[in-house]
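Only one chain is shown below, in structure tokens, and it's the form predicted on its own.
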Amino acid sequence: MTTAKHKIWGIVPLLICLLLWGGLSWLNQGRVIPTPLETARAFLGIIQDPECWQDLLATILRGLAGLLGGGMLAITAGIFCGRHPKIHDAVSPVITLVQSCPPIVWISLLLVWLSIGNAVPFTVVFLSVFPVLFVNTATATRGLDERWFELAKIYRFSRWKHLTAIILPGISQGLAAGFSYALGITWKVTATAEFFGAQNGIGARIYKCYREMALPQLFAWTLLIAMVGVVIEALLIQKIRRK
């Protein structure tokens, strides 16, 4: 009974949003904000187009490539710097500088340097997730109890065993928090980069709808990228946070 109530209360905010959306559309007679019904029709038209799934796949692959590339380097560098505090303190200002720059700055520079293509979304995602994962990894590594490493010396642990038996289990919570955040922003950053610097993908489709002032399609593509985020939240991020 309690679960059913929770589900009902979870639907209420969506219904309120739909009512507000419909009311705003009615007030401007659909000139600026299409009705939910128009958007639903456009959405159905989009998902029936085979090119839609190609664009969705392109966005997902770019996002995953940037996330994996930035994540692997960030975790490796974070563990190393966490075990060497002086190096960590030296590179921290650079990491903070990279983290402080909004994605639009990197997009603008990369468009000048690389022109449009897969390299722009990949690099922007890479630069967006790297600082978060690096900071979380390095901070968690520095916080490990040194007595574990002293014990490892006594038992002559190999470097691999240091990593798998002490470091990774000890920083797992910090890694989960950083990866959860990085995964959440990956798709937003990917679509933004595609909007300015790609010929295909969801972001490129949104740009095309903007240029043509096709508002129902614009709302439909926005709805699709939002649904991707919801699915990722439900399938991956919530599970990571529970661990």
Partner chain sequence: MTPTILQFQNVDFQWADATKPLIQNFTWSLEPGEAFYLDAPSGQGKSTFLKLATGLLKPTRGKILRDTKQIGFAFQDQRLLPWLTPYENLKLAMRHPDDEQIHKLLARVGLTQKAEQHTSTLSGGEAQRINIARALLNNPLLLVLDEPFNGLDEENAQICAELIQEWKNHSPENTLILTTHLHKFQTLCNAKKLVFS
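Residue numbers count along the first chain shown, from 1. Treat the numbers as computed from the prediction; the structure is a model and nothing was measured.
Beyond the structure shown, there is the form predicted together with the partner chain, which is absent from this document and is the topic of what follows.
The closest non-hydrogen atom of Arg156 lies within 4.5 Å of the partner chain in the predicted bound form. The shortest heavy atom separation between Pro131 and the partner chain in the predicted bound form exceeds 4.5 Å. Taking the partner from the other structure, the partner chain in the predicted bound form has a heavy atom within 4.5 Å of a heavy atom of Trp148. Shown alone here, Pro103 lies farther than 4.5 Å from the partner chain in the predicted bound form, counting heavy atoms only. Note that among 106-114, 86-94, 162-170, 135-143, the stretch whose heavy atoms approach the partner chain to within 4.5 Å in the predicted bound form is 162-170.
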